[in-house]
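Have a look below at one chain only, the form predicted on its own, in structure tokens format.
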Amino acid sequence: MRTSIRVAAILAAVALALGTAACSSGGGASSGPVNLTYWTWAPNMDKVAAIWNKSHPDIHVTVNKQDGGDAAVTKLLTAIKAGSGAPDVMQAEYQKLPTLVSANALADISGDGGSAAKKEFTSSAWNAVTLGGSALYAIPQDTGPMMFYYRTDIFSKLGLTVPKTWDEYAADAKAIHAADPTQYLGTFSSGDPGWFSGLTQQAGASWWSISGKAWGVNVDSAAAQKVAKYWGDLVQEGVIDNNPMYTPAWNAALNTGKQVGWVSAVWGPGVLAGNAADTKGKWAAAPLPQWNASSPSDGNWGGSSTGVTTQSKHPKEATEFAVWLNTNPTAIKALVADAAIYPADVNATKIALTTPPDFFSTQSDFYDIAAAASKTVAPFTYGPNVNVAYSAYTDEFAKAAQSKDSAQFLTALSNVQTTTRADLVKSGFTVK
């Protein structure tokens, strides 16, 4: 969930890539038994595929478990370049789709029945798999709407209310740290660019844009600057921590109560259960604090889709499986029970998410909060060099966080903008 993209192919214009990919699909349905291969890193997907195989004897899906992140993308692009060895179906994170499309690795499945699934997803999820156009490169599988987790016992002890706005979050952070200088409401994580980009997404930012054949780079937009300054101010005041998440120290702080809250995503319960098992029953989930409480908005941290590769000889059957996997009620129940994911299908809450995660077993409205957040996720466009932007973020914001100088957070954002745009130009893309 905290991964980046490695650009493996450079094209002069995205429009050319989109057109090429669009021509790779659309073959007629095959006669006789069809065998499909599915690459995925999600756990127990073979159990989900077994349900399909039982009900579709003429289309058999074999699951090949893969590593996620860059490793999965690199392996697929190597097979595409070699002209053989690619699967029919591929799990792909949303931020990796522009790279895969630019490399002609994913087929346009809009003509193979994929477009009929549009009504099952939010506009932001559908935008992610269409890249803002009419071509369809994947079916949304899971999403990561952001949420806020907090220690109810500590909030109650200090007489604090759950923050509904970012101003209230800052006030709570100050109160918590003043009461106990060893405690923090959260941390600024320079090691998690997906976390930060999700927060800027909530504020209305989109780091890339597409206009005709030209890319735009908008990393340091006014919306993103607002978010960077906000966290920079909190770090400078010393009322939140300034060290990355997912370190041994951060894991321990969750368990000991030194980290009183966590700005995370819907998949957070699994992390808390694994790192802070002793605190079960002391946490609650809430909507992400808002910039404007009267106009709720949210961002995504994580999420993936199911695409059909351009090497598949059975694109119609592969598309049929991808749609079934992510919209069929039986499949959705299996995705939740066996693969432990938060499905992108808007009906998932009614179909499968009827009881809260075990770590939040007493909070019956957990998935209602998540569903409400998912519906307000703001649109966001990823570019073909997310890996460059995310790497620059990690480098630049690590220095800014350690400096504890709010001004350096804005400088870091500007440097990420410069690095990202320069890389696109150097790589031969048309850039606005």
Partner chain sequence: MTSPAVATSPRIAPSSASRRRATRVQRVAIPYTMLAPAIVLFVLFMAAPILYTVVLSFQTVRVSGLGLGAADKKLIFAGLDNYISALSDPQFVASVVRVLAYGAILIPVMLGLALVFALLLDSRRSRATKFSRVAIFLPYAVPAVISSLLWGFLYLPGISPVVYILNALHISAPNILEPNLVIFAIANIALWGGVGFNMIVIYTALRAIPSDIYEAARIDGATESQIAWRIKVPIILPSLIMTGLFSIIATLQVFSEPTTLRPLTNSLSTSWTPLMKVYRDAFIRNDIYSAAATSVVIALGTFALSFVFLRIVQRRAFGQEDS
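Residue numbers count along the first chain shown, from 1. Predicted model, so just to flag it, every value in this text is computed and none were measured.
Unshown form predicted together with its partner chain; subsequent notes refer to it.
Every residue of the trio Pro98, Trp215 and Pro244 has some heavy atom no more than 4.5 Å from its partner chain in the predicted complex. Just one of Ala49, Val377, Leu36, Ala401 comes within 4.5 Å of its partner chain in the predicted complex, counting any heavy atom, and that one is Ala401.
Contact with its partner chain in the predicted complex, defined as a heavy atom within 4.5 Å, holds for exactly one of Lys81, Lys282, Lys119, Lys313, namely Lys81. You can rule out all but one of 324 to 332, 99 to 107, 218 to 226, 174 to 182: in the predicted complex, only 99 to 107 has residues with a heavy atom within 4.5 Å of its partner chain. The shortest heavy atom separation between Ser124 and its partner chain in the predicted complex exceeds 4.5 Å. Residue contact with its partner chain in the predicted complex: Met146 places no heavy atom within 4.5 Å of it. Remark: Asn387 counts among the residues lining its partner chain in the predicted complex, judged by a heavy atom distance of 4.5 Å or less. Heavy atoms of Ile351 never reach within 4.5 Å of its partner chain in the predicted complex, leaving it off the interface.
Of all the residues from 58 to 96, those having a non-hydrogen atom no more than 4.5 Å from its partner chain in the predicted complex are Thr74, Leu77, Lys81.
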